[in-house]
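Given as structure tokens, the chain that follows is alone and in the form predicted on its own.
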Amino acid sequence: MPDIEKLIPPPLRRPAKPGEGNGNGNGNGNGNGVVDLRQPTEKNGSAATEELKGKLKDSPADVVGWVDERTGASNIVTALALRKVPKGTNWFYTLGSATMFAFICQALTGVFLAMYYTPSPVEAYASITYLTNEVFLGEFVRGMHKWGATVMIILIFMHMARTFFFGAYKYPRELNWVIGVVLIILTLVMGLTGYLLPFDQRSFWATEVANNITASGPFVGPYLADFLRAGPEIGATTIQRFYAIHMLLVPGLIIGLIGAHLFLVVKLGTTAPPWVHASKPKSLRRKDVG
């Protein structure tokens, strides 16, 4: 029969701290430089277990720390909060943040309106009427969405004007300028597609005029107009296509481009106003002689 003692696995071992145990810096208790983890000691015994249980019981779960450890979000927040701001920064630099806030308001109110809206040429106007007159705070939310669209367009044009006149479109921020131009176009497309959704006489004929203007464009104009109409003329498929573009396609593109836009702003920094000139370092200044 095999020796039973040979079948028993050896005790778990870990290196002992230098200077402990046998006096030569390698031992701890058993003289061979290892500690038997199966035997309770001062650090791995019941005392340490009870201490750990007490800490877990007394302190609440740190959910924010748990999420931050796995996402690294604190580094991003720190970079945003502690990034350098050039001298002379004023309220003109808040136009970009105001535009993003207007877009967030449009998204939130749009979700509320989508709960009651029916994208159908027969029921669209009736659903809007019911939302305005019957739903609690419906008229208020619809007014926020309607006038918020105008406010967002005004703010984004003011933001682009500030960027242009302050020279913030120059090297190395050309890509951010291109992204901003695309965001303006998408904002106008979102306003155009949303204007048809009530499907009353004014929105119908305004969309007809806008679609004819689109068709007059060179090369891709007629194809783009046919794509927007989803047929030879404005009808049931047109309103459904406008609704899908307005609710899904354009907001998704805007969210992605805003993320890229903010990333480049944090990475490249903010430009100083044109009337603020950088001072030369003391080492480069001309020293007065005699």
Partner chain sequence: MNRHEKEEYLREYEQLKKKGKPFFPYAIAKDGVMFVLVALIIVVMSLMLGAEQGPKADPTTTSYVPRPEWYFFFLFELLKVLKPPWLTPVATIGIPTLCMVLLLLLPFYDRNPERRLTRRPIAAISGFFVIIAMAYLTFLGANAGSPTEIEAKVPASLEEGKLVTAQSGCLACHQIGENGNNGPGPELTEIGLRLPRATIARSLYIGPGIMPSYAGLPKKKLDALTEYLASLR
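The model shown is predicted, which means the values in this text are computed figures rather than measured ones. Numbering follows the first chain given and starts at 1.
Here the subject shifts to the form predicted in complex with its partner chain, a form of this protein not shown in this document.
Remark: residue 110 does not count among the residues lining its partner chain in the model of the complex, judged by a heavy atom distance of 4.5 Å or less. Although the partner is absent from this view, residue 119 stays clear of its partner chain in the model of the complex, with no non-hydrogen atom inside 4.5 angstroms. Interface residue remark: residue 160 is counted as part of the site for its partner chain in the model of the complex, having a heavy atom within 4.5 Å. With a 4.5 Å cutoff on heavy atoms, residue 128 counts as touching its partner chain in the model of the complex.
Residues 142, 143, 144, 146, 147, 148, 149, 150, 151, 153, 154, 155, 157, 160, 164, 165, 166, 167 are the ones in 142 to 168 with at least one heavy atom within 4.5 Å of its partner chain in the model of the complex, listed in sequence order.
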